[in-house]
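One chain is shown next in structure tokens, namely the form predicted alone.
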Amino acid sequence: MPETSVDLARLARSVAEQAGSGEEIEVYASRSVETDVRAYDGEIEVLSQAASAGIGVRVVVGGRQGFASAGSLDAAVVAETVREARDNAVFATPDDHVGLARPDGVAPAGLELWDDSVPSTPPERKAELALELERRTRAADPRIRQVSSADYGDLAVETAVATSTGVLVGSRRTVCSLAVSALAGDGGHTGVGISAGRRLEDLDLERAVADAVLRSTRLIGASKGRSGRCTVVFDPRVTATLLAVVASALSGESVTKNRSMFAGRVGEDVAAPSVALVDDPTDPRAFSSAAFDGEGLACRRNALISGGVLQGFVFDTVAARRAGTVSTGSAVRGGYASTPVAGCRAVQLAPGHQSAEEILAAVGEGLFVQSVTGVHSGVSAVSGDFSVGAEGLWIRGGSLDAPVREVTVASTLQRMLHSISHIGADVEWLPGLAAGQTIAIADMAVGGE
């Protein structure tokens, strides 16, 4: 039977039903099609379309867990994968907390995350979008010296999860995006414009072009900034990056292993009183939204910080058992070849009432950061250390002024959360696990000349 016609839920259930006495089986089956197109210098440089399908099997018996996966839905391959998972369980280290999810009675959100236009549109039409994106960006402003890349990408994925403990769910989702990188001025200042949606008709070429042009041209003439301390205003995309790091420290997996700066701090003030942070995968605006988590439980809205006070963490089944609590429907997994762990999907900072312009006016003097580098090496969700490279513009008289590059912005995440002085209303959703908006953080160290 062709893998494109396999009923994923039926396959997953049939395997889960093979559990023997004293044994639990979980099956995660998925199928996806991904398209990538890159235009450069008026030609299609890359056009690829890849289909994949596979299965991951967890077997739990006597506190031992075995896992195996295969990139095929063929019946013989699936049977071999089950045997391998059982063999792996025999040699696993016993862990009393290991076990599979059980239905908890939480109803799934009624989300419609699929659009047929993504998998059905011919690759030639998708290539035309990438070419048009490049053409418009080149023509948008004479200061644009080069378009280093103009990309179209999409993903259509279907999944099913079944367990011998009573879970049986299926889901599917689509996402597509445009991204263009423009270089402006003799210094080659780069700006990236993005537009994303669940349907092709959601994509906004003009928005992506305008975004790239603005971000690149306003950096023309940038110089290395001076050192000192000041209020730093983060662009929404930078805020999303910051929140993604904070979210990793709110994972029950990290907390139970004492790898989080928030461990043992539930009920404490961990941020400014204006800060309310939630993880809400049921929000359809989030490109990572989902009706079910990686273990097949219904996703739900989880309050993380409210009024600046830490409310709790997100848990999958195993991390919840270690912490003596229950799953929050927050199991995430990288696909059929990985096991689930606790993690956030759609982190949101409750919006304020000010526009970006009003925040700049209120700050008066400071630094506006439009992009950062070195996040993976310079930011730690364990210690809270924060030191990144940045570029943007000085804020003078409440408006954006001279562009700046090659500066370092530093503090600690703990101090930054307490020092949030303004939160914007300009919430922006892009692919990733966090939404972004303009925020201002007081008294950060800026290192330059």
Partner chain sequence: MAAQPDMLVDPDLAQRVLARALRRGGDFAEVFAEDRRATSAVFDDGRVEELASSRDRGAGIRVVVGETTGFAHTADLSEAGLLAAAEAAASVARDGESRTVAFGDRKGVAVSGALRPGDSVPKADKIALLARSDDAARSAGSAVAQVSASYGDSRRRFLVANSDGVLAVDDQVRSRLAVSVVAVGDTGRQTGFESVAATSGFELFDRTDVAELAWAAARRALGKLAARPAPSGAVPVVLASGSGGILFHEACGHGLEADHVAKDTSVYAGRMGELVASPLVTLVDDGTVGGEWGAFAVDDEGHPAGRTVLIERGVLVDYMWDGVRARKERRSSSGNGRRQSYRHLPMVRMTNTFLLDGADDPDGIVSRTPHGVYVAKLGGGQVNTATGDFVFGTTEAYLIEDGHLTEPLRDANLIGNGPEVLSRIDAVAGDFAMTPGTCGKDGQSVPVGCGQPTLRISSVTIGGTAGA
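Treat the numbers as computed from the prediction; the structure is a model and nothing was measured. Residue numbers count along the first chain shown, from 1.
A second form of this protein, the form predicted in complex with the partner chain, is not displayed here; the remarks below concern that form.
- None of 194 to 202, 162 to 170, 219 to 227, 112 to 120 except one has non-hydrogen atoms within 4.5 angstroms of the partner chain in the predicted complex; the exception is 219 to 227.
- The partner is absent here, but in the predicted complex a heavy atom of 77, alone among 106, 139, 266, 77, sits within 4.5 Å of the partner chain.
- The partner is absent here, but in the predicted complex a heavy atom of 145, alone among 135, 301, 102, 145, sits within 4.5 Å of the partner chain.
- For the three marked residues, 125, 128 and 428, no heavy atom of any sits within 4.5 Å of the partner chain in the predicted complex.
- Among residues of the shown chain, residue 66 is one whose heavy atoms approach the partner chain to within 4.5 Å in the predicted complex.
- The closest non-hydrogen atom of residue 30 lies beyond 4.5 Å of the partner chain in the predicted complex.
- Shown alone here, residue 40 lies within 4.5 Å of the partner chain in the predicted complex, counting heavy atoms only.
- For the chain shown alone, residue 207 is not a contact residue for the partner chain in the predicted complex, no non-hydrogen atom being within 4.5 angstroms.
- Of the residues in 422 to 449, those that come within 4.5 Å of the partner chain in the predicted complex through at least one heavy atom are, in sequence order, 445, 446, 447, 448.
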